[in-house]
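The form predicted on its own is given below as one chain in C-alpha cells.
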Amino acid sequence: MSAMNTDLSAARLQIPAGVANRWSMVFGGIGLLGLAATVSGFFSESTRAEALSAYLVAFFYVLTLGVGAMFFAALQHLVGARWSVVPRRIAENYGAFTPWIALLFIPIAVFAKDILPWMNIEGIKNAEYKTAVTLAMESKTWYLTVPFFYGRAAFYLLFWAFAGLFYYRNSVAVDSTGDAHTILKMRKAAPVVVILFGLTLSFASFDWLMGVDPTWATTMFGVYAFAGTMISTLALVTGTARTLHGYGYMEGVINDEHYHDLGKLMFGFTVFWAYIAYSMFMLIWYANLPEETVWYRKHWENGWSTLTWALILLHFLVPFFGLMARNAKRHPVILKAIAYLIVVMHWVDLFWLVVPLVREHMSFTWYDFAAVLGTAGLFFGVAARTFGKAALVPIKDPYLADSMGYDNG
C-alpha cells in the first residue's frame, strides 16, 4: 500500500441532487405500487397466505441488503482497513436505509399469526401438523411467546436503525469537518456493532424465517442467513461501484485494485455460502431423522427441486467459476454481471427458504414479484436520494490517499 496526494479535482464525486431525486421518485413510485398490490392480498382469506409469504421474503431481502451494508461499513472501521475507504461510502449510503426496515415490518407485526403457525395453533387445519407444532412448542414455550417475540423485534429494529444512521451521519460529517476524532468514535463503536449485528441477524432469521415452520430447527440457520447477507451486500456494493464508474463517477479515485479485492471477497463468500448450505444439508441427511429431513423433502418434491438446482448453478457455480480468474475480477462487464446476478439470486434463495413451507407445489404468483418490486423499489428509492446528498467517497477521511493509492502488488 502506498500513499499519494488526494487529488479529487478531476473526479466526479457528487451525483446532482436533481438526478438523484428523479431516480428516487421512479424507484419510490414502483415501490409504492408494488407494496399496494401486495397489501391488497392480505385482506382476502384466499390470497393471504400467498401474499404474506411473498411479502416476508421481500421484506427480509431488503433487510439483509440494508443491514449488511451497515455491517460492511462497521467492519472496515473495526479492522482499520484503508483499502476500502473509497467504496465504503457506497455501503454507508445503503446502510442509511435501516430506519425504514421498521416501517416495512408493520405488516409482519400485524399479520404475524397468519404466517407464523406457533402464534395461532388452533387455526392450523392439518391435524397431524397441528400435533407436531404443539409438541415442538413444549420445549420452546419460554422463547416462542408473543410479548417476547415483539420485544425482540423492537430491539432488532432499533439497533439497526441506530447503527445505520450512526455510520452514515458520522462519515458524512467528516466530509465537512475532517475531524479525526469522529473516525475514532466510529472505530470504537465497531466491536459492539459487529457483535450485535451477528446476534440480531441470527435471531431475526430464527424468528421470522425459521419460525414459519416451528417443528424444524437448525443451529446453522443464523450462519446461513449471515452468509447470504454478506455475499449479496458485497455484490450490491461492487455492482453499484461499477455502475457509477461506468457513468463517469469516481474516475481516478476507484481503480482496478479495489475491484480486485471486492471480487476476491465475493468469490470467498460465494464459497462460504455454498459450504454452509451443504453442511446444513449434509448433517441432516446423515442423521436421517424424519422430523428433520421432512423440511428438505418440502424443498425438493412437487417441483421445488428445479429451484434447488437453479441455486446450485446460479448462486454458486456461475459466480465461483466466473470470479476464479484474476482478469474476471478486473473486467467491468464480467464483474458487474456476476454481482447483479448474485443480488437477484439472493432473493431466489430467500424465496426457496420460505415459500415451499407455505405452497405445496412449485409456483410463482404475481404477489411474489409485486412484493419484491415494492420493497426493493422503496429500498433503492431511499438509497438514490441518499446518494445525492453527499460525496460518493469520504473526501476528508485521513486514509483516503492510502485507499486511492492502494496496490495489490
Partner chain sequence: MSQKSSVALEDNVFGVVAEYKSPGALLEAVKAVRQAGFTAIDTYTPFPIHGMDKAMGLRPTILPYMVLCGGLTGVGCAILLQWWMNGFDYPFIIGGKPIISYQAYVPIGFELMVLLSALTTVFGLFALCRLPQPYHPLFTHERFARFSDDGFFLAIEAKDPNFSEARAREALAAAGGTEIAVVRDIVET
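Fair warning: this is a prediction, and the values are worked out from it, not measured in the lab. Positions refer to the first chain, counted from 1.
Quick note: we don't show the form predicted together with its partner chain, though the next part is all about it.
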### Message
in the predicted complex, is there a heavy atom of its partner chain that lies within 4.5 Å of any heavy atom of L313, even though the partner is absent here?
### Response
no
### Message
Can you tell me if F148 lies within 4.5 angstroms of its partner chain in the predicted complex, counting non-hydrogen atoms only?
### Response
no
### Query
Taking the shortest heavy atom distance, is Y286 within 4.5 Å of its partner chain in the predicted complex?
yes
### Task
Could you confirm whether V333 comes within 4.5 Å of its partner chain in the predicted complex, counting heavy atoms only?
no
### Query
Would its partner chain be touched by all three of M280, W295 and W347 in the predicted complex, meaning a heavy atom each within 4.5 Å?
no
### Summary
In contact with its partner chain in the predicted complex (heavy atoms, 4.5 Å), from 135-143, 286-294, 203-211, 167-175, is stretch 286-294
### Task
With its partner chain left out of view, choose which of A180, M324, L103, I195 has a non-hydrogen atom within 4.5 angstroms of it in the predicted complex.
M324
### Contact residue in the predicted complex, from F155, F162, W300, F272 (heavy atom within 4.5 Å of its partner chain)
W300
#### Entry: Interface residues of 372-407 toward its partner chain, as seen in the predicted complex [heavy atoms, 4.5 Å]
D407
